[in-house]
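What follows is one chain in C-alpha cells, specifically the form predicted alone.
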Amino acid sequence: MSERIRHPLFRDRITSAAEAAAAIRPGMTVAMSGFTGAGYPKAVPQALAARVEQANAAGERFRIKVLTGASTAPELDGALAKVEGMELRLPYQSDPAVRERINAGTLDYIDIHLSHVAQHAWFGFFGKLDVAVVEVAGIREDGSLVPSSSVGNNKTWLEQADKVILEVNSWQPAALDGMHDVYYGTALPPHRKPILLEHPDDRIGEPSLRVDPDKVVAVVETHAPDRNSAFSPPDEASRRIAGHLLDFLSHEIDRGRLTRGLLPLQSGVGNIANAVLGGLAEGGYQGLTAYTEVIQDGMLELLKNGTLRMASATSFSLSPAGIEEFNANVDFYRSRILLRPQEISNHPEVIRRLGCIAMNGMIEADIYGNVNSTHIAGSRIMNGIGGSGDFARNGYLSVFMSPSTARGGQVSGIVPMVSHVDHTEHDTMVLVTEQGLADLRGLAPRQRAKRVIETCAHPDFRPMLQDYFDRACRDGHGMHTPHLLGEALSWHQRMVETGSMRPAATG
C-alpha cells in the first residue's frame, strides 16, 4: 500500500479506521465522498457505526448530519441507518434502511438538485462542515490526491471541512490517475466567470484534488470494492420504450433538428437507460459523446464498439460485471472517460451550452406533463430527484421514461394529477412508455393531455383518463388546465386504501 501514499507527511498519519472515526463526535456535520455506489469511504463509516451502537447501548444519543455526492452503499448509508446514527441526510439516497427511516419520520432528508449542493455548502446554507471523509485512489509526492471512482462534491468537502480523513483504497485501479478533471475556477457571486467548457472532452481543470495537509487528521488504508447491484436485463417494456425513443431521434434527424452525431447524451441509471444505449449501437450511430452524471455498463460497451467516442461524468455506476470489464481494460477507457466534480458535470450553464439530450426515469406523469420522480402517493420517498432536474430544465431535449403500469398492472404510470411534482410541465418535452411516445413541444395544456392519453397511457386506464379529462373540460373551474379538484388525487387515495388504482368493480 505504501506506493499509494507517496508523501511522507501523510504516511505519518496512517491509522486505523476506529482511531480515525474517533474524530467524529455527536452533532457534527460530516461530508463524505460517494456517488451512486462508487468512491465512498468503506472503513470509517463502519467504525463510526460501531461507536454509535456502543453509545446507544449506554443510553447515549449519537447522531450526525451526513452529506455526500449522491447515494452510497451499505457500508456507509446502510451501516449508519441501521444504528440510527444519522439525524439528517442529503442530497440523494437509495438505501432501503435509510428510506425506511426517512418514511418513518425518524431521519430528516433534504432532496436537492445535485448541481446545487456544492454551491449551497459554499453559501453556508448547511452550516459548518466539521469533518470530511473522502476516499482516494492515492496520494502523490506533492500531496495532491488521486480521486477515486467518483468525484462528486469531494473538492468542496476538502476545501470546506475543518478536518479531513482520507481513505486510500488500493482496490481502485492506479490507472485512475489522470482520468479526472477537477475545476478550481468557481467563485461566489458576484465574482463568477463563465465556465469555458465548450465540448464534452474539454479539460478545464487539474487531474488531482488539492487538500491542506494541516487539516488531514487521519489516513486509513483500505482494499475494498465499490458495491453496485447487477442490473436486470432489459425487459420487453424497456425495449419498447427504447424503440419509441430511437424512432423519435431518427425523426428529429430527418426533420433537420438533429444530426447523426446527435448531441451529448445524459442518461439516468437502470435497465431502461441501458436499453436505450444498446439501441444506439444497433441503430448504427458512431462517434457520439456523453455529458452525464454516471458511466454505467451500457456506456462501456458503446465506448468499445465506437458508438461513443468519449464520455464525461462525475462517477461510475457499474455492475460487478461492469467493474470487472473496466478494471481489465482500464488503459483503454482512461483515454475516453473524464470524471469531473458534480458541480461541473451537472452545471446548468454547461448543460445548456452543450445542448444535452436528457433521458431520465420517472415514477409517474400526469396528463399535462408534470412528472413525479421521487414519491409514492405524494408522501413516501423512493430515492430523490438527483440530477434529473439539472438536465431536464437546461437540456436541448428533456425526455422522461417509465412503463405505463406498475404493481402487476394495478397502478397507472399516467394519472390525472401527479401526487408530487419534481418536474413541471414546463420542463417536460417528451414522455415515453412502452405504449408510445408523446412529443409535447409546442402544445398547449389541453393538447398535451390528449397526446399523453392517446399515446402513453395503458389501454386498461386510457378510458378512465379520457373520462376524467372530458368531465374536467366540462365542469372544471377553468379551461386552461382543466381539473376536477375533488377527484384529481382519488386514484392515489384508492391505491393507498386498496393497493390498486382500478375501481373496485374491475380490480
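Residues carry their position along the shown sequence, with the first being 1. In this text, all values refer to a predicted model and were calculated from it rather than measured experimentally.
What comes next is about the form predicted in complex with another copy of the chain, which does not appear here.
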Checklist entry - If you check in the predicted complex, is residue 422 within 4.5 Å of another copy of the chain, heavy atoms only? => result yes
Item to check | Contact test in the predicted complex: residue 198 vs another copy of the chain, heavy atoms, 4.5 Å | outcome: yes
Checklist entry - residue 447: heavy atom within 4.5 Å of another copy of the chain in the predicted complex? => result yes
Item to check | Proximity of residue 24 to another copy of the chain in the predicted complex, heavy atoms at 4.5 Å | outcome: no
Item to check | Segment assignment from 323-331, 390-398, 130-138, 143-151: heavy atom within 4.5 Å of another copy of the chain in the predicted complex | outcome: 390-398
Checklist entry - Three residues, 190, 478 and 488; all within 4.5 Å of another copy of the chain in the predicted complex via heavy atoms? => result yes
Checklist outcome for this item: Checked 335, 379, 305, 232 for heavy atoms within 4.5 Å of another copy of the chain in the predicted complex; positive is 379
Checklist outcome for this item: None of 203, 82, 352, 309 but one has a heavy atom within 4.5 Å of another copy of the chain in the predicted complex; the exception is 352
